[in-house]
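For reference, the chain that follows is the form predicted alone, supplied as structure tokens.
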Amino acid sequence: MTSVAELGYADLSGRLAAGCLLVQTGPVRSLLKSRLSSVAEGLWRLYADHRVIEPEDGADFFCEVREPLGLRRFYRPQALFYADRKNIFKPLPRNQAFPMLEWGLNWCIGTQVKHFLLFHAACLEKNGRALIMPAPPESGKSTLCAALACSGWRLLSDEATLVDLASSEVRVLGLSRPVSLKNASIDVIQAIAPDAFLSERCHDTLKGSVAHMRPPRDSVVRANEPATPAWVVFPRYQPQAPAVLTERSEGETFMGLARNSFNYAALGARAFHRTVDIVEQAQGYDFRYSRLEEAIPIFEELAAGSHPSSV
């Protein structure tokens, strides 16, 4: 099956302009359309290892990023995001077109995927065991996720952890899409992982300056390989604080997962029972940190089977 890199930039941009670029990210297939060169360049640089599928094989979403019509596009260029031909967000400056596609794909997954239990959580894997990190925005989740993905952990997802509802086993899957970094986190990841590929910064977005980190190739190739939940860690960045890992009770872990689910209420009893399954087999923790140099060894100890409490 062809990857984006194997497709070549000319074929990629041609398919994208025609609305027939179908990209697979884990179990999700997105049919994409855009005539904006910044969107084609973003996909080319950040999705190089993702698989391209023929459109007749079917898609979960159809997403388009395009300029609005009218004279406005000549003196204040903007971009619009459409999901299944419906305009979803307010217009953004055209230089934010690629981040807008990423946010739009997050919206599609969070609101339209019904056959998985979805958590707003980063997810990584080591030795077949999954680390789930649920957290609200500004908690330091993505920064920690990017650092671990650059330190030998397999990236499953930065934004959405997918829990299989069809299997008798408790399994999680990811999307292996680019990791979104904001503001100071961009410099932090560049310093700790100089070989990681980051997109150019996009300034003055609603989230400040943003850049995306390309997922490691091994994570993309193994995107459909499930993992068994072993740890549920709730991260919280706190300036100047030492790294401290403390255990959570099963009840607190359950409530933390439920609060960070996109579709817990909609799935009802199925979501309740699957969340209980996760809590019964995965240890819950709270994790406070400020320096990745202290944080990463703690997760290595977890993966090795010990239970560090702090550094």
Partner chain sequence: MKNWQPDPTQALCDGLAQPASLLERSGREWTAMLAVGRENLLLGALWHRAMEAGVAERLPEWAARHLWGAALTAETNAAALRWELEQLDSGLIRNLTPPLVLKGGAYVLAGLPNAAGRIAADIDLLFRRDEVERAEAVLFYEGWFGTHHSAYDQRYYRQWMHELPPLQHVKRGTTLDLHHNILPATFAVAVDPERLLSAARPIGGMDRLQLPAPRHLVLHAIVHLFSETDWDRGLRDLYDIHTLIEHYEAQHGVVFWEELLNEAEALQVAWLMEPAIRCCQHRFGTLVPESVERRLHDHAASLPARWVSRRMFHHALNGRVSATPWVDALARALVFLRGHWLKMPPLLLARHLFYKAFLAPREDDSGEDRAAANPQQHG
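Positions refer to the first chain, counted from 1. Model, not experiment: these values are computed from the prediction.
One more form of this protein exists, namely the form predicted together with its partner chain; it is left out here, but the text below deals with it.
Proximity to its partner chain in the model of the complex, taken as heavy atoms within 4.5 Å, picks out 267-275 from the listed stretches 267-275, 253-261, 42-50, 240-248. Just one of W231, F116, W153, F234 comes within 4.5 Å of its partner chain in the model of the complex, counting any heavy atom, and that one is F116. Q112 is the sole member of S139, Q112, N95, S209 with a non-hydrogen atom within 4.5 Å of its partner chain in the model of the complex. The shortest heavy atom separation between E225 and its partner chain in the model of the complex exceeds 4.5 Å. Interface residue remark: A59 is counted as part of the site for its partner chain in the model of the complex, having a heavy atom within 4.5 Å.
Contact annotation for K182: at least one heavy atom lies within 4.5 Å of its partner chain in the model of the complex. Using a 4.5 angstroms limit between non-hydrogen atoms, A166 touches its partner chain in the model of the complex. Contact residues in stretch 1-19 (any heavy atom within 4.5 Å of its partner chain, taken in the model of the complex) are A18, G19.
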